[in-house]
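Here's a solo chain for you in C-alpha cells, the form predicted alone.
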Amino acid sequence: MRRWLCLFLLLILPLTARAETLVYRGESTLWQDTVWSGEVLIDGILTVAPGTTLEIRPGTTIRFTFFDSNNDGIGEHEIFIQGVLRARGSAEAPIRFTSALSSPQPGAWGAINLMASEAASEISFALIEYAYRGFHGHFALAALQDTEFRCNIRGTQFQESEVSFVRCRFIDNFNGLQFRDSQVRFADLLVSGNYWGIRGVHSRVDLAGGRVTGNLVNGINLRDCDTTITAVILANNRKGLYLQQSRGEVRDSLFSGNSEHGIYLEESHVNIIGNRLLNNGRAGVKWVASQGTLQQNRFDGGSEYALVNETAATLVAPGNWWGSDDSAAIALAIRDGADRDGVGRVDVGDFLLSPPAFLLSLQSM
C-alpha cells in the first residue's frame, strides 16, 4: 500500500508544483498592494492605482498579448502605473517583460508606463523587449539598474521626470533613449546597435562611465541641455557626441571610429578636457559658433582634420597633443580661418610635444 501511495505522489507532484499563470483581461485595476511571481499574462491594460504598490519578484515573466485597434502595427496592451512599481529581479533570476507572441516584432506591446508617480519606482535585473516604449515616464521618479532593453521601438522615453540608470544596456532598439525636460543620471551605460543612441532636449544629463557604440545615427545628441560626460567610449557611430545649444563638460573620454565627427558642438558652451580622439571621419572636433575650453586632449590622427573651427572668433586651444610636434604638420591638421574666409583662426599656443597619458583604451570597447 505504501508503495502505491509513493507512486501516486510522484505522479501528482509535478502537476501541483506548476503555478498557474496569473491573467488580467480587458481594462483592470489593482486597488491594493500586489505581489507577482511566476507567469503573468496581460491581455489588456492594467492600471496600478495611486497609493498601490506592485511588487514583482525575481524570475517572474510578464507577457503581453497583441492588440492593435487602429492598425498601425503597434500593440496597445500595457501596464499603467500611478502608484509604485518594485520590480526587483536578481542576476540569477531576472524579471522578463516580453510579448506573448511566438515570433514577436518590436512594438508588439505598449509600455511600462509611470504616470505622475507619487514615489520612486524601481526596476532591477530585468529584460524588457519587443515593446513600443519599454519604459515610459511622465512626471515620474524611477531608478533602473542592471536592466537590458532590446528590440523595442523606443527603449525608454520620458519627460518631466527624474530617472537614473546604473549598469543598464540598450541594444538593437530603434531609439535607445529619448527624453525631455528631465533630470537624468547614467553610470556604466551600454548603448549599442540602435538606430538612434541617446536623444535629449531641455534636460540635465550626467553620464559617468560606459560605452555608446555602433549606433547608426548619433551616439549622443543633446539639445539645450546641461551635461557632464566623463570616462565614456563613443565609437563607430555617425557623430559620437552632438551638442546643440548646450552647456557643460566632456572629460577623459574616447572618441574613435565615428564616421563623421567625434564631437560636434553647435552654439554651445562646453569644456572639452583630457579626451582622446582618433579615426573620426571628417574631424575629431567640429566647433561651430561655440565657446569653451579645448585643453589636454589627445588627437591621434586618422581623421580628415583633428579640429574644424567654424566660429567667427579665434579659438584658443593650448596644451593639446595634435599627433605631431611639428608646427607645419599641426597646421595641416586644423581647418580654420587660414583655409577659408569668414571664420576665426585656431591658436594652439604651447602645444604638447608628446601624447598625454590616457586611461581608457580601445581594448575597453
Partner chain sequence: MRARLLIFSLLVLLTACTSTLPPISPPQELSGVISSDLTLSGEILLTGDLLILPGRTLTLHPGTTVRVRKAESTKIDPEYLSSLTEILVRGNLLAEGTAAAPITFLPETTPSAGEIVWAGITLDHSPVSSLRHLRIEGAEQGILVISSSPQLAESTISNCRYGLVVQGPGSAGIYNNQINAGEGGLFVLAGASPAITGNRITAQVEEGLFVDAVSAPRLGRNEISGNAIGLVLHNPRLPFDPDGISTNREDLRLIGRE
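Treat the numbers as computed from the prediction; the structure is a model and nothing was measured. Residue numbers count along the first chain shown, from 1.
FYI, the form predicted together with the partner chain isn't displayed, but the following is about it.
Taking the partner from the other structure, the partner chain in the model of the complex has no heavy atom within 4.5 Å of any heavy atom of R211.
The closest non-hydrogen atom of G301 lies within 4.5 Å of the partner chain in the model of the complex. Using a 4.5 angstroms limit between non-hydrogen atoms, E55 is distant from the partner chain in the model of the complex. At a distance threshold of 4.5 angstroms between non-hydrogen atoms, D339 is in contact with the partner chain in the model of the complex. Screening 165-173, 215-223, 120-128, 96-104 for residues having heavy atoms within 4.5 Å of the partner chain in the model of the complex returns a single hit, 215-223. With the partner removed from view, the residue among T230, N271, Q82, Q159 that has a non-hydrogen atom within 4.5 Å of the partner chain in the model of the complex turns out to be Q159. Exactly one listed residue, out of T293, S259, Q183, Q145, brings a non-hydrogen atom to within 4.5 Å of the partner chain in the model of the complex: S259.
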